[in-house]
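In structure tokens, one chain follows: the form predicted on its own.
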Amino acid sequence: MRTVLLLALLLASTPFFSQTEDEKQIKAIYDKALTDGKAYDWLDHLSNQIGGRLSGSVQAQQAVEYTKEQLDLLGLDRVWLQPVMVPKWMRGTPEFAYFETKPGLTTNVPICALGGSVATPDGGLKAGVVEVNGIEDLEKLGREKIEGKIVFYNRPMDPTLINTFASYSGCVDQRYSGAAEAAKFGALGVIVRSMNLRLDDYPHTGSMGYGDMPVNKRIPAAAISTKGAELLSATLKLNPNIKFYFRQNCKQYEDVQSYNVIGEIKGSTYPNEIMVVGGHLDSWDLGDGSHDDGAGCVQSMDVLRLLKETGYRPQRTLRVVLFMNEENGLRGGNKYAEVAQDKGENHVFALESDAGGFTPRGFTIDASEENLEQIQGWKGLFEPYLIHMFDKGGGGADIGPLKDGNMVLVGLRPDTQRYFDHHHAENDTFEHVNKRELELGAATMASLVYLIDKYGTIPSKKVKG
């Protein structure tokens, strides 16, 4: 009897916690993603059956057809292709490079052409090397020390920055503008240290541009692996007179037609308020684009499926948009925003996943203080899933053109520490994506989309879960 009384007193003194409607819906989303997710299977096909999806390529078109087919199977209210003209650049035969310390004594180093670069002369390019730590060093050296040589940009990503995207931003200018700037001083070509915090033998490609420079003034540009860059730099210190040779036969063609892939669920209450979730379908050609950005595409596709299959009926129109040509032109993002403006569509929210399929940590939010505070007010709903970062920041390149001062733009932010090990390199492949991490990202995105849809983007007060 005493035991029964003690148990009754214990129960009476214990606070009673019940799940709110939001907690139940979010748990249902995570449970569905982790037990019956589709993102990993979709990514498997994109990566292993199609491969790298450079804009204008056969593989890019295959990815368009495959993802549209899969969206059709989800039973959405509407699925369609949005035409967009995209650039077509082809790498050609594999690049080759070495440096020569004395006649006949050479050391091969891994390189790859930067996207958009011109080719070397047919027999390749061989010249002396001048090492710089960035574009600003060109002016200090002057034409006398640069003319007739290959400029070697060797500024590394800053390892002291915990946010690796900040580290990337701090040195990517040498990749994009390095050739155009070096050409002004008479350089014959440029070699750029790969945007990679790890020391390895993978060269990392990426876009570069010449601005309005005449074609006959453009010089070839290639990335060198971080190990190759270290070796070249050390050798130059011992022997400044070494020669560097590289050969690449890449080519820019006329623009070709491609497509953004779009699917939507029509809103039940506010169908004219549109919410977008997406990633970019194109990738570079060295790997299969699993992290950049196959992961973001399949996560975005699964957001609509997860909401649909957990029984949630959105009030606003939800769209998944798989943008074409983020990597070397942003044509897809610009076209989508242009069509939306021409049609007078009212976009209220956009979420992009373009930072890899790693463990989600939270979001960066480009919005008014009121909307930022609203989203930060939902932290408690995400804490059980270890999502803790709700910071002011950018949404994403593809959704950026939608920005109008009113809508909320959000970027999914996974753990960034390993992202640049794979970014734009040959090892951006399916085996480097963890199934559970990918699914957690899809569930995290779907949960935020649910909350925004339920409460709107300009609430009168914070909503607490």
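What you are looking at is a predicted structure, and each value in this text was computed from that prediction instead of being measured. Don't overthink the numbering: it's just position in the shown sequence, from 1.
Heads up, the form predicted in complex with another copy of the chain isn't pictured, but that's what we're talking about next.
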query	finding
Non-hydrogen atom contact Phe358 with another copy of the chain in the predicted complex at 4.5 angstroms	yes
Lys392 within 4.5 Å of another copy of the chain in the predicted complex, heavy atoms	no
Proximity of Gln417 to another copy of the chain in the predicted complex, heavy atoms at 4.5 Å	yes
Asn216: touches another copy of the chain in the predicted complex, heavy atom cutoff 4.5 angstroms	no
Another copy of the chain in the predicted complex: contacting segment from 64-72, 428-436, 43-51, 394-402, heavy atom within 4.5 Å	428-436
Candidate from Pro121, Pro384, Gly92, Gly148 lying within 4.5 Å of another copy of the chain in the predicted complex - any heavy atom	Pro384
Residue among Arg313, His388, Lys343, Lys237 with a heavy atom within 4.5 Å of another copy of the chain in the predicted complex	His388
Contact test, all of Leu161, Thr164 and Asp421, partner another copy of the chain in the predicted complex, heavy atom 4.5 Å	yes
Another copy of the chain in the predicted complex - contacting residues of 197-226, heavy atom within 4.5 Å	Leu197
